[in-house]
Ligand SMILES: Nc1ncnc2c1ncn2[C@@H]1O[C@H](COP(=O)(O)OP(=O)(O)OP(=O)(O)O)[C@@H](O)[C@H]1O
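First, one chain by itself: the form predicted alone, in structure tokens.
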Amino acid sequence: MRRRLFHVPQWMVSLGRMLGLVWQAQPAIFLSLILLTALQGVVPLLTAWITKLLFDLLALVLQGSGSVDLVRNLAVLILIQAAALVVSQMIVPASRYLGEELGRKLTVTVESAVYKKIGSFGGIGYFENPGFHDTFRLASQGARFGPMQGLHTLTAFFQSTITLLGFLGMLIAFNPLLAALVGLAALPQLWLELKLGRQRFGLAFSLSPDERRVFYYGYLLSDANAAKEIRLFGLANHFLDGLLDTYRKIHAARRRLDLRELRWKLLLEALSALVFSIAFGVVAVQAFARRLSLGDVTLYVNAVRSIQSALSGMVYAIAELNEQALFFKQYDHLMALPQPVQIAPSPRAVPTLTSGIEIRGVSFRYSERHPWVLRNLDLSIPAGSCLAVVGLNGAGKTTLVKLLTRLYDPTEGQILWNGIDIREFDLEDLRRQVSVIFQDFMRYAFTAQENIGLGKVEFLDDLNRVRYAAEKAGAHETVTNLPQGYQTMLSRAFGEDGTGTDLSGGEWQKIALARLFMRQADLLILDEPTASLDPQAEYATYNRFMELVQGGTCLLISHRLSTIRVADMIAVLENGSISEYGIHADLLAREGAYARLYHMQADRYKTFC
């Protein structure tokens, strides 16, 4: 009991937050639904009382009472009953419409809040954490459906309360002990519903990874990019089996909970029937003792059944609100997540890069459970120069790029821009001064113009600027040869009437390079963006890039050592730190790691040639 009381305040807080979202979405509709609910709660009371009066009137007529104005009284009762019925019937579609409209408004409000919060994260640490995706899924579900379900549940609770108070007053006047018996019989149901609500939430949380796995299997079986390998390797049945096995696991867990719920509810239904039978017996005994009129019998029997129904509805509503509050807490948890990277309270403006970038004693690991990716890394990129970083897969090259762009902050050490720690700058201002192409760059299902213009979204509609960036990247000819030029949808899935198209890997990389050139940035970073190009095309692309950025500051990352000879300096990244640094000729002369990798690649090309 103490534990239950302890949870009530949090339950009330979550309920208040849910209703606050509903009010924020559409206050007028919210108030209208409350009013309609109150009317729905009064109708059963009015109907029961009219039924009692009708039976009393019938009893007087059967007794031959001549003092009764039968036609007048009957007409009044029928008219009142008809009016109540009309109002009751009209309330249902009106409430449904208002509920749907409120749901639409609420969806926009919630989705906007959730994605605005996610978009506000300066770093990407949360996105690479599986637990975050579980929180996000449950938060989105809880916030999208919880407030609306909470409102429906609360209005049902409100309606049941009005009905309950009216009938309970009648029953207490008739037999207080009977009223207490009917009321106490609802406590076991309340305990059970609260318990089952917590179990349902716990099950949903534990099954969240499996739900994501089901989504992933479905994505693989229907995705155009995966379709080629799935058919060539005969993977369709394998992935389908995985999908079905995961579904069986999910369904088995839910079935176990449903069976427990069924056993308990069968017992409670039997208890409810027993209580009603006792109440019916008490009313029948009083009636045969001539202490109740025929109308009283119908009234009190109706009161017992209505009280049981209202109590059951209230208990279910309380349990539902408690369960919805548990899901909604995930929304609150998401909205309360702190920034994954440090945000300066009084950020400095980012100055033009004049002296360069210095990476001083930087170490990094993704968490305390993970190994060090970078360790005591020292490196500098003088302003106006181009540095190439090479190394084996997993050496930390892409992680270095993530640190330079502040997608993560160093665990130890500093990254300096003109001698100033980049954590002191405004994050958005810093990123406006940096333009990057990652190896896994995005292929947006938008038009060619949009795919390029997203590099500087303020100039998304400036076709001249987009075309200039495409020309610099060597993508202009590719785009003009498309069916609708820059307005061609680069996706077959979203192209209307078959007008969408897809590009080759090399063509997509030119589009991504054009996106980079949309920005007039102080620092340009290429993280193996030409991996899909053949060596000759890659070499030509890098040479063109160097011509275009001559005098600028850039960082090149590539696994093909023959192409990065265009850089001013080359750094070899091994085991999280710089093992060699110099120009191409000097590094070859040292016969170290760089020379070994270079000769391995050269020998491979000779062998294939």
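Each residue number is its position in the shown sequence, starting from 1. Please read these numbers as outputs of a predicted model, since none were measured by experiment.
Here the subject shifts to the form predicted in complex with the ligand, a form of this protein not shown in this document.
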property	result
Partner-contacting position among 488, 398, 411, 405 - heavy atom within 4.5 Å of the ligand in the predicted complex	398
In the predicted complex, the one of 128, 245, 429, 378 near the ligand [non-hydrogen atom within 4.5 angstroms]	128
Heavy atom distance at most 4.5 Å to the ligand in the predicted complex, all of 366, 373 and 439	yes
Per-stretch contact check against the ligand in the predicted complex, the hit in 345-353, 386-394, 421-429, 448-456 (non-hydrogen atom, 4.5 angstroms)	386-394
Contact label in the predicted complex: residue 528 to the ligand, heavy atom within 4.5 Å	yes
Contact test in the predicted complex: residue 559 vs the ligand, heavy atoms, 4.5 Å	yes
